[in-house]
Structure formats: C-alpha cells, structure tokens
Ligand SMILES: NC(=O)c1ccc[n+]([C@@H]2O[C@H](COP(=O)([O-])OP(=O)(O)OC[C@H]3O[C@@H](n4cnc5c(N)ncnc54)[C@H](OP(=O)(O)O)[C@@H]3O)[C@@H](O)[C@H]2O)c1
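One chain is shown next in structure tokens, namely the form predicted alone.
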C-alpha cells in the first residue's frame, strides 16, 4: 500500500524537475497530478508487452498514480500492472494503485458466447443473482464487489490497493430506481469498509461516466452528497471512526468539461446547486479525471479551441490537453492512457510545465 514515507520519498527523488503542484496530496501521502490509465488496447500479448514497458517507464520517470479495472482488457491490464510494479525501480509503497469492480470480467479474452460465459461462471455458481445484472454485465451486489476485489488483488499481485472504485454505478439505474441504487451502494460500501478495516484497501470511491456530469433531472444522475452519506452510514455500522470514501473518478477534458460547467449537485446548505468539482472539494473528496485526451482525439485533432490552447503551457497538443485537465480546480490527477513508452515520455513532460491558476482557468469559461 502507498505510504506517507514512500510517496514523499518518491516526490523528493525528482527534486525540482516538475512544475508547480505536480505532486498533490492523496490518501496518506502524495501522488503525481498526471496518472497512467490502462483501458484501451486489444487483449493480446503484444499489447501486454507494450503496456508493461509503458507502465515501468511511467513509474521510473515521475508518474506514481496507476489506474486500472478488473474488466479492462479482460483482466490483462491488472496483470500487466502487477508485472510493471515488479519491474520498475520503485517500491510498492511509493505507488498509488487504483482499480475498479462492477462490470462482469472475462478472463484473458472475449469468449465466443459472452452471455453463456456470464451465466456459467457467475450466475450458476451463485456469485451473481440475475436480478442484480444490468445490461447483462453489471453488478454492484456486495458479494460480487468483494469477489472482484479479491480477483483484483490476485491479478495485481499485491496485498492491498490504495483506492477501490465501484465502477459506473449509474448503470444500475437501468433496472432499479435511484433510492434502490443508493441502497446497493451503501451495502457495497459496508463490505468495503470491512475490507478497509482488515487492511486490504486504503480507501474507496465511485468511478462514473455520466452520474455526476448530468443535471439533477437526468435519468443517469446521482447525488454525491447522498453517496457520501451512505458511505458514512456504512462506516458507522462497521465501527470505523470515519468513512473511507476517498475519491470520485469522472471524465474531464476541454470538450467534456461538464464537471466544472454543470451545476449538478446540491450546495451544502441545500439552497442551490453547484458543480461536482466544487461539491467534491467542499467535502474533501479527491477528483480523478479520466479521458483527459478524449481517448486520444485531443492529441491529434483540432478539438482544442484556439483561445484555450493559447492559454495553456506545453510543447504538444497532448501536453496542453493534459495540462487543461489537471488545471481544473479540485482535480487531483488527470489520467492518460498510454501503452507506448514514447507517449509516456510526452505525458510526463507535460508535468514540467505549470498548470493554469484557478483564476485563469475560470476565465477560460467566461
């Protein structure tokens, strides 16, 4: 598990190489404000090898926040992260490792009959009740979430993870009402609180795609304050002094800035609405930005408006897009998927530039 001593020693290793606020507080220590993701890519040995080299390069050169999920590339991404942790010249306690559970994972590749695979491996074994499945592939029932945590620990080859996300809980809104989804989350959080007390994870959160970026009347909307209240209730039942809810993950980039521009969440006094970035900041919850390059589009296309591009520091489009995401008030880390060492090197170099200040960032949207 990442520790105060390990992560601060990692930061000190790089001296003044990086720009202002490149390393930011997270959990017990600090993490890089640029992280590496492992979502994209075919489930092949060739891509595994590229990811392993890219991850090791990232860890050796200033990125100590790694994000994955039990279902990414059919379990291969977690296993590659584990191999990279062994290969890199950094200790485990210097690295923030985050993973997720919620989608039913395959094992190594996509089966010829996915529905039959889910039925035989998960339903008929009793791990998943059919009534808990959304889209035939998503479940956040406590037993399933806990089983996926165990699978992730095995895949990664670690004793504990630093942040465990319940993955895209808004998917459950397709089969049950909002209150029932909150109940399911609370039950999952209670199981994670027990595992936190046992030392298997430092903290947990939710990784979302739409839930926090859409308005309150949207069918996929979830309330961050309600989710935090459910986490507190779960901690109370377990007997933990406080909730282990640590972070939310959501898409954020220059063409998907809803987390900053949409007032999706109630204010603490309940009299108004504010953005999820502001609400998370007020609650002391970290925000981890996914899709910082819009899955590569901002690195090669013309998606960045010229006036915003001109305000950002960086030698390449990708670097400026990364620096936009990590400049947003309340964002701790901007994740960037990278399965090639050349891309990692370019991404790390983005951190040598200072991010925008809060006032300058605000001015971009005026």
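Positions refer to the first chain, counted from 1. Everything quoted here is computed from the prediction, not taken from an experiment.
The same protein also exists as the form predicted in complex with the named molecule; that form is not shown, yet it is the one meant from here on.
S.K.: When the named molecule is placed as it is in the model of the complex, are 37, 100 and 207 each within 4.5 Å of it, taking any non-hydrogen atom of the residue?
M.R.: Every residue of the spot touches the named molecule in the model of the complex.
S.K.: If you check 294, 90, 147, 229 against the named molecule in the model of the complex, which one has a heavy atom within 4.5 Å?
M.R.: Filtering the options by heavy-atom distance leaves 294.
S.K.: Could you spot which one of 213, 191, 76, 167 gets a heavy atom to within 4.5 Å of the named molecule in the model of the complex?
M.R.: When the named molecule is considered in the model of the complex, the option within 4.5 Å is 167.
S.K.: Might residue 333 be said to contact the named molecule in the model of the complex, defining contact as any heavy atom within 4.5 Å?
M.R.: Output for residue 333 is no: heavy atoms all beyond 4.5 Å of the named molecule.
S.K.: Does residue 337 reach the named molecule in the model of the complex if we count a contact as any heavy atom within 4.5 Å?
M.R.: Judged by the heavy-atom cut-off of 4.5 Å, residue 337 is in contact with the named molecule in the model of the complex.
S.K.: Examine residue 299 and determine whether its closest non-hydrogen atom to the named molecule in the model of the complex is within 4.5 angstroms.
M.R.: Contact with the named molecule, yes.
S.K.: Check whether residue 328 has any heavy atom within 4.5 Å of a heavy atom of the named molecule in the model of the complex, and answer yes or no.
M.R.: Taking the distances in the model of the complex, the answer for residue 328 is no, it never comes within 4.5 Å of the named molecule.
S.K.: Among 132-140, 175-183, 230-238, 285-293, which stretch has residues with heavy atoms no more than 4.5 Å from the named molecule in the model of the complex?
M.R.: So the stretch in question is 285-293.
S.K.: What residues of 51-77, in sequence order, lie within 4.5 Å of the named molecule in the model of the complex by heavy atom?
M.R.: 67, 72 sit within 4.5 Å of the partner.
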